[in-house]
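So this first bit is one chain, no partners, the form predicted on its own, shown in structure tokens.
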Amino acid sequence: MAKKEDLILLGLSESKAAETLKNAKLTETIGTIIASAKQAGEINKPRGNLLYQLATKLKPQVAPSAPLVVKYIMNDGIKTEPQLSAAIEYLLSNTVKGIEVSAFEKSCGVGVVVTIDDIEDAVTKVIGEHREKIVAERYSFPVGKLLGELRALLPWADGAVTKKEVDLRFLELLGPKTAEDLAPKKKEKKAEAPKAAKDTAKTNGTSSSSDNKKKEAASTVEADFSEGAETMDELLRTRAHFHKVGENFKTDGYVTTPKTAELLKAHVAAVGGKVVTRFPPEPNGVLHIGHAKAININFGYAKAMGGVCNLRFDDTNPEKEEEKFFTAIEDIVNWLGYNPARVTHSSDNFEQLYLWAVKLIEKGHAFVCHQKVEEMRGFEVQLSPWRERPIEENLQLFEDMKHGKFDEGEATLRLKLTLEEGKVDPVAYRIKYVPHHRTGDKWCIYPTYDYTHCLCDSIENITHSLCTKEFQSRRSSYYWLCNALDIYCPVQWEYGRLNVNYTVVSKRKILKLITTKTVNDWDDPRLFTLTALRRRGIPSEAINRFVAKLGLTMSQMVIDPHVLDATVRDYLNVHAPRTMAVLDGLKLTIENFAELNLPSTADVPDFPSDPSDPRKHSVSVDKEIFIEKTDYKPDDSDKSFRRLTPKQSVGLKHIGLVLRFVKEIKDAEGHVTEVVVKAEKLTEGEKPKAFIHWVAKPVSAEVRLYDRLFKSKNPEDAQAVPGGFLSDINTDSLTVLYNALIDRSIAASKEYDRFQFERIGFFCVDKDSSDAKLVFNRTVMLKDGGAAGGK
């Protein structure tokens, strides 16, 4: 363990040394390196700096080779930071193959002397190639570009000397900086992304500090999508810096064994050098918005890299699995645009998983335990009194478990290891006397997810095991299991989970909403399951784009629903044809209609915002039309109101008519049931303040308007919602309009057809539609809230 004086010997300041001593692991590494260095000679400042950098950059996989690097630092074979980085990269690349000293020396430039003349000549060459642009841009020219080119020409040159020479040449070429050079440069304004409220998206800290510190570290993420991309392909090609196939040993925390080289060679041959990923859902419910991120990352990365992705059902819990969930999950994966290379099941491997469990017992890595579940839970539990029972006894007891000689909960098979989170001896097998949907009554012992998923990854030769951040604490057990069995070990990579405010996604809670008839089913459009979002009318392309724009963050994200709505609205604005519909109609009669000599129909563009798009539809034109009740006011007292009143005219969209009030007709209760108007053709003279949508000879339809299902941002927060999530239901989350009026041109629409109802919002045909009557779901409102919110 290094002491403060050792750190100062390496060139660290007093404060830096004190800070470093707080890191026990780093301090231990530095102590080992210093002890090795002192045997080789005197530690001067340049050597000390390199020794410290070595300690900070050293990965566990190459730690045994650290003395080799120390030797070359101390004999001045390695004198620069680029040489040190190259040396570590060589060790990392060859940790499995073995190290050859001559190749090591060549890889990091040992013996290569870069003189001042060499640096001056290289700088002359590079600046000469860019001279014209440098003169034009002066000190705004990106010097980093030049330094990058110089590093390529002279990889072992001293970076500080090279930078000093470049600065000198700039001064000779351009002269001293002028006031204009020193003035701050104006940044180009980026195109505005959809704005979010300050609490729209929160990123929760993921360090190992306390929950309070995590909350303090949580920061608001503005919805500018700066870390994302427009497509998953772009995102995963440019932001996913994962290992190359077969280079598993280069990743942090990966554990190598004497068999690693042989196993990786066989693995690379089996996958043909291509990426293989998997999406492994449990078939005990339907997928939600968070799964959309998992699907896109797993399938998207494989696609971007020219590889394949499997859909693997983790069907290890027969109590909760149903056939309908298998079908629904595969359907959603296909809907998002992905086709699995193979559809597999964890249960395909039950026999192999059992044989491996026996092998772990034989190696002394697993034991049969009789502790109850409550005795095993928590982080300060006592070790099982059966942990050290003889191997032969464990083998017999595990066999007895398999043959049904114990009751449920009477025995489990546990692994002898401690997880990063402190959990001791996780369960690998438990007893369940429940028939399995695929294996029937063959098994009464079932493997746990922690035991199963890494071993199934190995069996399927998965190159990149991509999972959410909560599995980071299980990464060591993932590697431990594969290595304990001497089988191929994939690499686990984690990414941040995606959650949404004002909803619940827990399968148990959604089932509670269904059983209490709060929602109709898993696809109720108020939920954030993917089947519900599809039914509401959200296109798969918009969901994929939304996930891509969020980026490949490692932090958990909590997003407000309107952030998703903004992406959906942008997509539908381009892809959903416009039509006119009236949700709450008021009849208008044009008393001079016959005098106008209008045609009986008019052509209306499907995409009026794109003049180059020729698509259009025909609408009826008639003496009787219907407008929204909110587009008429019987008095003129509201000076901000811009539509039809007794003294104010209004225009009709698409047919160039201006309507003027004549009289209103009321029923016995005094309600306005009809307004008689006089029409005139629009001229270049005085134009009305507003143009409204309308329908003639319409078809009746049912329209369902959805709002947030919960009133609170986090309905699962016991402090904010002490009565539980069911007490937080928004009773106005669904409004049904049974007599909306739609244009006849869309009367034959089918399920999932989407439209923009002009001035109202985007709508989608629901599965409850029939030949007698269409049913529409509101997908998302217009940006300004639609006609109801306008003036």
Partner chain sequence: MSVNKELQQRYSEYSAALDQAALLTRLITAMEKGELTDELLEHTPELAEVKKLNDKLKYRKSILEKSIAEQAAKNKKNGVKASAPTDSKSTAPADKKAKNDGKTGGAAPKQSKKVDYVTVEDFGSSILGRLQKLFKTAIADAFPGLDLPLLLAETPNPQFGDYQCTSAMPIAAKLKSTGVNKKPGDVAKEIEAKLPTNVDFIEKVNVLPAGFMNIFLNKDYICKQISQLASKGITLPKVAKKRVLVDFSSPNIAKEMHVGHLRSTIIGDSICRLFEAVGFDVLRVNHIGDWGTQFGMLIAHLYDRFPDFLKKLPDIADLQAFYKESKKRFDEDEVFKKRAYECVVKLQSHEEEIVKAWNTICDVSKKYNQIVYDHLDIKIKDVGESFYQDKMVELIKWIKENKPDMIREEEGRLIMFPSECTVPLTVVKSDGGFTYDTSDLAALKYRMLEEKVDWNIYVVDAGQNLHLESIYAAGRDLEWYDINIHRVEHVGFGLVLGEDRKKFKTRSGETVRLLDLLSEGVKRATEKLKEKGREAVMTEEELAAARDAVAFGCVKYADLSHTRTQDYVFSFDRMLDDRGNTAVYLLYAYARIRSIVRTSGITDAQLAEYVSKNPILPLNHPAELKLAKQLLKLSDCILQVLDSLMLHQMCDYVYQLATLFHDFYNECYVIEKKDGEPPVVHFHRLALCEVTANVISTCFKILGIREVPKM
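Positions refer to the first chain, counted from 1. Source: prediction; values computed, not measured.
Below: the form predicted together with its partner chain, not depicted.
None of Leu734, Leu26, Ala40, Ile729 but one reaches within 4.5 angstroms of its partner chain in the predicted complex through a heavy atom, and that residue is Leu734.
Screening Lys616, Lys402, Arg497, Lys416 for any heavy atom within 4.5 Å of its partner chain in the predicted complex leaves a single hit, Lys402. Figure note: of the listed segments 418 to 426, 144 to 152, 282 to 290, 442 to 450, the one touching its partner chain in the predicted complex, with heavy atoms no more than 4.5 Å away, is 442 to 450. Among heavy atoms of Phe406, some come within 4.5 Å of its partner chain in the predicted complex. Taking the partner from the other structure, its partner chain in the predicted complex has a heavy atom within 4.5 Å of a heavy atom of Val434. In the predicted complex, its partner chain lies within 4.5 Å of some heavy atom of Tyr738. Not displayed here, its partner chain is approached by Asp584 to within 4.5 Å at the level of heavy atoms in the predicted complex.
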